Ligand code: FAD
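To begin, one chain is listed below as structure tokens, in the form predicted alone.
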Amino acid sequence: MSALLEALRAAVGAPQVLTEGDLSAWELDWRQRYRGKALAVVRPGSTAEVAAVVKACAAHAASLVPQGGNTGLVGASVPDASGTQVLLSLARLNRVRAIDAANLTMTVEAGCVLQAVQDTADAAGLLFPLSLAAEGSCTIGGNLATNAGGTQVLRYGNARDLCLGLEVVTATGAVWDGLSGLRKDNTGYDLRDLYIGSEGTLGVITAATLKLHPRPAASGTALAACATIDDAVALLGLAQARLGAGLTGFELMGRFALSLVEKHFPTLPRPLAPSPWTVLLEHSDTESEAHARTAFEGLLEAALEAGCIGDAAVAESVQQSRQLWHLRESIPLAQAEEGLNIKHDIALPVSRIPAFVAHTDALLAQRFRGVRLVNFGHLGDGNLHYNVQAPDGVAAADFLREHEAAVNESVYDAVLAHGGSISAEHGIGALKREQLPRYKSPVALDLMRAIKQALDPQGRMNPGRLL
């Protein structure tokens, strides 16, 4: 492997090829479930350098693992334990190349941190609406490679919907410049959509042209208490009818999920008394604060009259709005404090969610006595984070070791029975790779393997992930 290391040093400069010291920032995943050993961590500073690295790996028959901010949850962006894989960090590709205000687009490199993209758009008087808890450290390349979702999918769509074009280094080291800002380009297969969501298994995303939006004139945030999930679904329908495209966020939080936040972050304000379900709503308005508030208050009054909520609290300031969102965003952190847990990032038709939850809650309670269910997520687009915590007093590691496979099978079989997907926004990676054939159409899997074979016939791009 010394010849490969020399080729890598020639491609990006010796200081950007790391082989010694503490490399855990690249070799250990965010959840600390996967730890690998890289032959080298390589940090190119341009698309041309990425292409040179890919060519070097191809010439020396080495596999390559692309990595952005290393915030993924399915083990897709860390090397295996063989010590033979090259970890390709895109962190140094962090430039904003252009903003086209008239075209409502921004072209950025893959290593740009999501929050920096948001801030750059805001400074130009525009909005890049992709928003998720890891936005301070995740990168655009990783967001696109996993087709990230977040809290505003209901209004603006997934990362795929916010991308108009890509620049990609292929498995052979060629560079495809598809950085078009066109909204209409009907000239053949949509190559962009092949790479978005491919988890680095087909090529390396090095830059993207992103879709921007006019910045809302005003926004409002509220919490509402619901007795049942059916009530929450009814509230969603009412909000969509009254607010239309102004409804930008609709988050569901179960009682136990919020109790963990209260336990581990007791200083966070809780404006409503505990209820079986709490909904966080966000409304954006193109007119004024007064118009936004009137529309929001009208919705909540109608919901109270309809009986689908029992109480509500409206944020009176930007600070209060951030506090309400902080409650929602603290749930995964509170879970981590509580101990290891079994995560399920699932998608279901909104109409089937109440039946799924009732069925699966009862099933797990029967099969795994005392299990604690941390249910929260993006009800507006049908994405639940249906997580399972060990029974109180039971060592989390022991519970996972003994029951994780059976819990996953119980949950995923129920998802399939209710017309859903086992991955809504986190991807497949290594975590769900072995389960995918059980829940994905054989025809779809054959097509995916054919695409992989066509674009990466040597299997060098992020092997062992997804397929």
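The first residue of the sequence shown is number 1, and the count goes up from there. Since the model is a prediction, treat every value here as computed from it, not as a measurement.
Unshown form predicted in complex with the named molecule; subsequent notes refer to it.
- Residues placing heavy atoms within 4.5 Å of the named molecule in the model of the complex fall in a single listed stretch, namely 134-142, out of 134-142, 95-103, 388-396, 213-221.
- With the partner omitted from this view, the residue of 155, 372, 343, 378 that lies near the named molecule in the model of the complex is 378 [heavy atom within 4.5 Å].
- The contact residue chosen from 384, 281, 76, 309 relative to the named molecule in the model of the complex is 76, the criterion being a non-hydrogen atom within 4.5 angstroms.
- In the model of the complex, residue 70 approaches the named molecule with a heavy atom inside 4.5 Å.
- The shortest heavy atom separation between residue 43 and the named molecule in the model of the complex exceeds 4.5 Å.
- Contact check for residue 432: no non-hydrogen atom falls within 4.5 Å of the named molecule in the model of the complex.
- Residue 285 falls outside the set of residues with a heavy atom inside 4.5 Å of the named molecule in the model of the complex.
- Residues of 204-219 placing a heavy atom within 4.5 Å of the named molecule in the model of the complex, in sequence order: 204, 205.
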